[in-house]
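Single chain ahead, by itself, as structure tokens, in the form predicted alone.
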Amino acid sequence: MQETQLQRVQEAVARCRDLPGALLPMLHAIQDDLGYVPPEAVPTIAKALALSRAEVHGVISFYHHFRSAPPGRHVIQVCRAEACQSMGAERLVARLRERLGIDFHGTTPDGAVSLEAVYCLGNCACAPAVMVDGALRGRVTEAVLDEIVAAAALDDENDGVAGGAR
């Protein structure tokens, strides 16, 4: 873990250590800041909360929301709740698995895209829903999904700047 990451972890620990049930807010703060919870942060978290490393690791590995490795440059989250499943989310998942060559909690080998499952995006009336880099999309079809993946690839070719402008 880089020194700046360690400092950011220590700041999150200091901010959250006195909160009731501090472990989850602390993990959220670290992931919100760094994009993941580095495994090297576990001893710092455990010591601050008087927990074992195994207890901290157990919480990180139990909740699918937490990552132990950096996410891809683009994160695609597919809603797996009942409304979205009834409207075709499983077809979208199959398409993404085929197109990206990864499964949930995976990242493409080039680090471009991570695929995640979520269990309600609160957009049931516009199912199936996906979230791409924090932007909610509803009534997603396989064609729209292909456009999303193509746009992410194009964005990467342009160094993460839409349209290539700097």
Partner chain sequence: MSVRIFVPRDSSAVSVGADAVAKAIADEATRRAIPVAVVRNGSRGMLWLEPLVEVETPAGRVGYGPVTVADIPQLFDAGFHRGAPHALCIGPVDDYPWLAKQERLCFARAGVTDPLSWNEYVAHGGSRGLRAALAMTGVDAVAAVTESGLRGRGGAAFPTGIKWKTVLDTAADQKYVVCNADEGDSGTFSDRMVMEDDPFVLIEGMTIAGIATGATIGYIYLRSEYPYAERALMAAIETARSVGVLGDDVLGSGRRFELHVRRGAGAYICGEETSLLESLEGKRGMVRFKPPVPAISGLFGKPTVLNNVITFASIPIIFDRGAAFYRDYGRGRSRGTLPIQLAGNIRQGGLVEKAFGVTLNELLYDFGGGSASGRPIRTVQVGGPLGAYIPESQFDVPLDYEAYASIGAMVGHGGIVVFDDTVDMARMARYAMEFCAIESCGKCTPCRIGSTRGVETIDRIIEGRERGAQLAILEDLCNTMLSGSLCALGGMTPFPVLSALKHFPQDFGLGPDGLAAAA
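Numbering follows the first chain given and starts at 1. In this text, the rigid core denotes the largest set of C-alpha atoms whose superposition between the two forms falls within 1.5 Å. These figures come from a predicted structure and were not determined experimentally.
Missing here is the form predicted in complex with the partner chain; even so, the following discussion is about that form.
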Practice task
Decide whether Gly134 counts as a contact residue for the partner chain in the model of the complex under a heavy atom distance cut-off of 4.5 Å.
Solution key: yes
Practice task
Could you confirm whether Thr108 comes within 4.5 Å of the partner chain in the model of the complex, counting heavy atoms only?
Solution key: no
Problem - Exercise: Leu19 in contact with the partner chain in the model of the complex, heavy atom 4.5 Å - result: yes
Practice task
Evaluate Arg80 for contact with the partner chain in the model of the complex, applying a 4.5 angstroms cut-off between non-hydrogen atoms, and reply yes or no.
Solution key: yes
Problem - Candidate spot Leu6, Ser68 and Gly101, all three touching the partner chain in the model of the complex (heavy atom, 4.5 Å) - result: no
Fill in the blank from the handout: Checked 17-36 against the partner chain in the model of the complex; residues with a heavy atom within 4.5 Å, sequence order, are Leu19, Pro20, Gly21, Leu23, Leu24, Pro25, His28, Asp32
Exercise for the section: Determine, after fitting the two forms on their core, whether Ala81 shows a C-alpha shift of 2 Å or more between this form and the one not shown. Expected result: yes
